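Below you'll find only one chain, the form predicted on its own, shown as structure tokens.
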Amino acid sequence: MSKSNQQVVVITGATAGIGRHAAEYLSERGYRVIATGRNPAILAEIAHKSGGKVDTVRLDVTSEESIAAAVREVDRLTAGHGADVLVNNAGYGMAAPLAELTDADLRKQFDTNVFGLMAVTRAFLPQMMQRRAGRIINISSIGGRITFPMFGAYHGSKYAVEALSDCLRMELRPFGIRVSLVEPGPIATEFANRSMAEVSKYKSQAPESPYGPVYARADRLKELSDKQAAHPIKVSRAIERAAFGRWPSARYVVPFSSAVMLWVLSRLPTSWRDAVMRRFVGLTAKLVKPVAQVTAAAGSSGKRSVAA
């Protein structure tokens, strides 16, 4: 693995969690990093903390105007060279039962995790294709390989990222561009807190929800997940291998315990796997509330009414 200060690494969603750690880690390792995100104050903090080694650019992956402006700024910072490595990290997790999830929240999940990722990728690809060299690293999740109840929107977005990445890997290989997926399991970042905020929102909006007992278990489930969470350096090292390794893999599952879990679950019959998942979150006939009447389903207005 060779390092070159001439290689430009652009990271989206770099103001927190995996993205921020990767930006700081790669910078300390001697790579040229451009950290992007929506929060100017945090971007300034990252630049200051790095002693000016990390360049920062404001970028909202859901805005065409913001993406175009970010590409122009990266071109300015690199004298027209652009990105050698693009790390698509921006994303978040929506947690709520699909029966109660509003259309607006479902679209918002895909706007960031899927459509934003593709819009940024297309924006930075032309220069890579002209040079016939580059790396695209998409931060997916083990949630793009297995499905947990209550995270259907998030899983749907990550399954989409997996398929898009597989296709991009084949379509871009003739141009010398390598595409890799990094699939983290539980990682000690702010990610879980954002997901819990979504749970709390739906819990407060639907006090009579038949999923009430499942909502009530959310804090306990988060505690269990936090105990298994790995340090983000494991993800940053995987990103470095995908970005600068001579023969990058198509997928990097981190930590190793998550790879083992995927292997075990993939060998269970589907009905067994479903039963394990349901029992883990409390989705059993004895625990969920009975539903007497459903007066309105979640729709484009984002309203729903469940009477028990």
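Just so we're clear, the structure is a prediction, and the values are computed from it rather than from any experiment. Each residue number is its position in the shown sequence, starting from 1.
The form predicted together with a small molecule is left out here; the points below concern that form.
- Here is the short version: of S249, S257, T62, S50, the single residue with a heavy atom within 4.5 Å of the small molecule in the predicted complex is T62.
- Here is the short version: of R237, H81, R194, H231, the single residue with a heavy atom within 4.5 Å of the small molecule in the predicted complex is R194.
- With the partner omitted here, the stretch from 97-105, 73-81, 128-136, 181-189 that lies within 4.5 Å of the small molecule by heavy atoms in the predicted complex is 181-189.
- The shortest heavy atom separation between I18 and the small molecule in the predicted complex is within 4.5 Å.
- Among heavy atoms of M150, none comes within 4.5 Å of the small molecule in the predicted complex.
- The small molecule is not shown here, and in the predicted complex it never comes within 4.5 Å of any heavy atom of V85.
- Remark: A23 does not count among the residues lining the small molecule in the predicted complex, judged by a heavy atom distance of 4.5 Å or less.
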